[in-house]
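Okay, here we've got a single chain as structure tokens, the form predicted on its own, with questions on binding and movement later.
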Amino acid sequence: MKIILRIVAFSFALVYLAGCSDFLDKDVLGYSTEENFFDTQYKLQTALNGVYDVLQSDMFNQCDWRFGEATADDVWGNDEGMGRSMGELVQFRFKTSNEWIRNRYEINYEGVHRANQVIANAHKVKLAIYDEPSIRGIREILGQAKFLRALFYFNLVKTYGGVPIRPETETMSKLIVPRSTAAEVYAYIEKDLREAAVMLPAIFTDANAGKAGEGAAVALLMKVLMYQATPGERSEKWEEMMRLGEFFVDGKPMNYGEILKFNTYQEEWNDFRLRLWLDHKEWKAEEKEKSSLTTTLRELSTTYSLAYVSVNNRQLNDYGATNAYVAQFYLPGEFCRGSIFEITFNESKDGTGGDLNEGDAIYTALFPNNDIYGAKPMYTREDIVSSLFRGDPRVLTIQAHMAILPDGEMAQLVPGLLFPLKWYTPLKEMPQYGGDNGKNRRLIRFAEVILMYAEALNECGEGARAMEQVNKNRAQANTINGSGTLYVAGGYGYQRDQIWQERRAELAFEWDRFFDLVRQKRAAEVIKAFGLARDNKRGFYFRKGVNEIFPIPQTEIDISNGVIKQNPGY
């Protein structure tokens, strides 16, 4: 809300100044106005770059690991004292004014606002030639903005429950927007992702690598459906997840009408085509068939792979064959065939720090070998590792003090503590300046698509097919050490637990564990049990039915004069 107020206040200040004198009333050549600011593809692309910039911000990534990882049961921390906002957060003994609860809310709404600017103004672009390449360029910018807006709202709804859905065009009369229900927010997210899927190419490559493609939209749609489904209760959400998995993984064709669920739209198809720039009213190219509800989506099944290989199928063995699994998280693995969407970081190379560059200081802080500041906010312990991996070969991602790291360096860690290699930056990839790391963050991986598909199959009574998928992923992990261990078929609950275990091992330390526990309906059980093993009882105070979501920041409640209501229990 404070962000919106600042923007609108600035806009009104400009209007006021514009009326102060005759001199200011005169036209200024080249001056950007609301009407011409978005009138070219270049300007629209510049606005989209600003949306991606939110993903690169320190605050966005700080909030992701604090909420998704530090509050759960795979890590311990050294910042858990009740005298600090972080300690209050991870102990679930926070006030509604907690700074991290406010920070996560504000940074994701900053992303929503920037994405809205692109989406609301795309129609203002004027093209010199309305041909297919030009129209495609606008369509792809608009599709990416929809994906990013969906991602920001997904972060908000899984963290706070139902939140306000901000209007795409902000006005003084729409400054205060009441909360929508969680179901309404999820429906809004789904619509953006369904539309993005038909607007985007399967994947962006080469100089455009890092942009969200169709694969990212479909993968996130599967995850959004999964978060709405209830384990043990068959539903349309599980069934659609299964169908999307058949398309994404097995290559079963899917058309526009099917993924869009177009029968739910209050819109004519011709209007829809023009709104999404699938075609354009100025386009006279009769030789190209216009899109329709029967148009087939671009194939994804041959685009991605579980194998640890680069985009051109080169083995990721820069750090040795046994380290190919962890290499996918390092420079050789950027945009590899197992990576669907990454947050792209680039070093400033001049010592510029923080959000003024596009480097990422997060990994530098999380792995103490890399940390020039001495902060060690997260680590793990032997008892956690035993529960997490259970003899799984992916235990190689955990390293202790004095261990030899993949690049041959010796780990200068804290004796007795263990750290994940997913947070490590090899010496030859280290930035010249601290806080300026160019290592990309993997946000969506193909392995997760496989495991979501497996879980949906199991929930839909397709147990044999579910085990086939989950064992695909386990078999790939077995290539680390030549293991032949696979999961064994059984009843629904037995197989579900194995899928969840595989998910925990594969996605360990990728900042999603807390939200996974919540959507599995077992956060209280797991986190309270974890707290019993802690001297400070971190997690023991988790309140079932309350702490699965966090409170709306108190500043939002106050500034809305009570229009925005607080979550129950806070």
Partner chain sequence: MKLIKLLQATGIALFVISCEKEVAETPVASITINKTEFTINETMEINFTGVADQVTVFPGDNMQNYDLREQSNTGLVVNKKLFTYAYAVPGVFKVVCVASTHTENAAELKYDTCSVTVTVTDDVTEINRISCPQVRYDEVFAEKMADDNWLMILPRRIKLGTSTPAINIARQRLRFYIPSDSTKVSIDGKSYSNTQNYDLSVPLDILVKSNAGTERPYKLYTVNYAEFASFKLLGATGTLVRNEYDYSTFVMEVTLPTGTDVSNAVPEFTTTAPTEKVYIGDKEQTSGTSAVDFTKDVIYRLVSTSADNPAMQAESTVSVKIRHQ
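Residue numbers count along the first chain shown, from 1. The structure presented is a predicted model; accordingly, all values stated were derived computationally and were not measured.
The protein also exists as the form predicted in complex with its partner chain; that form is not presented, and the subsequent description refers to it.
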4.5 Å heavy atom contact with its partner chain in the predicted complex for all of 84, 119 and 167: no
Partner absent here, but in the predicted complex, which of 184-192, 324-332, 485-493, 129-137 has residues with a heavy atom within 4.5 Å of its partner chain? 485-493
Test of understanding: in the predicted complex, would residue 544 fall inside 4.5 Å of its partner chain by heavy atoms? yes
Indicate whether its partner chain has at least one heavy atom within 4.5 Å of a heavy atom of residue 467 in the predicted complex. yes
Within 4.5 Å, heavy atoms only: does residue 232 come near its partner chain in the predicted complex? yes
Consider residue 519 of the chain shown here, and say whether it contacts its partner chain in the predicted complex, taking contact as heavy atoms within 4.5 Å. no
With its partner chain left out of view, which of 296, 97, 387, 301 would have a heavy atom within 4.5 Å of it in the predicted complex? 97
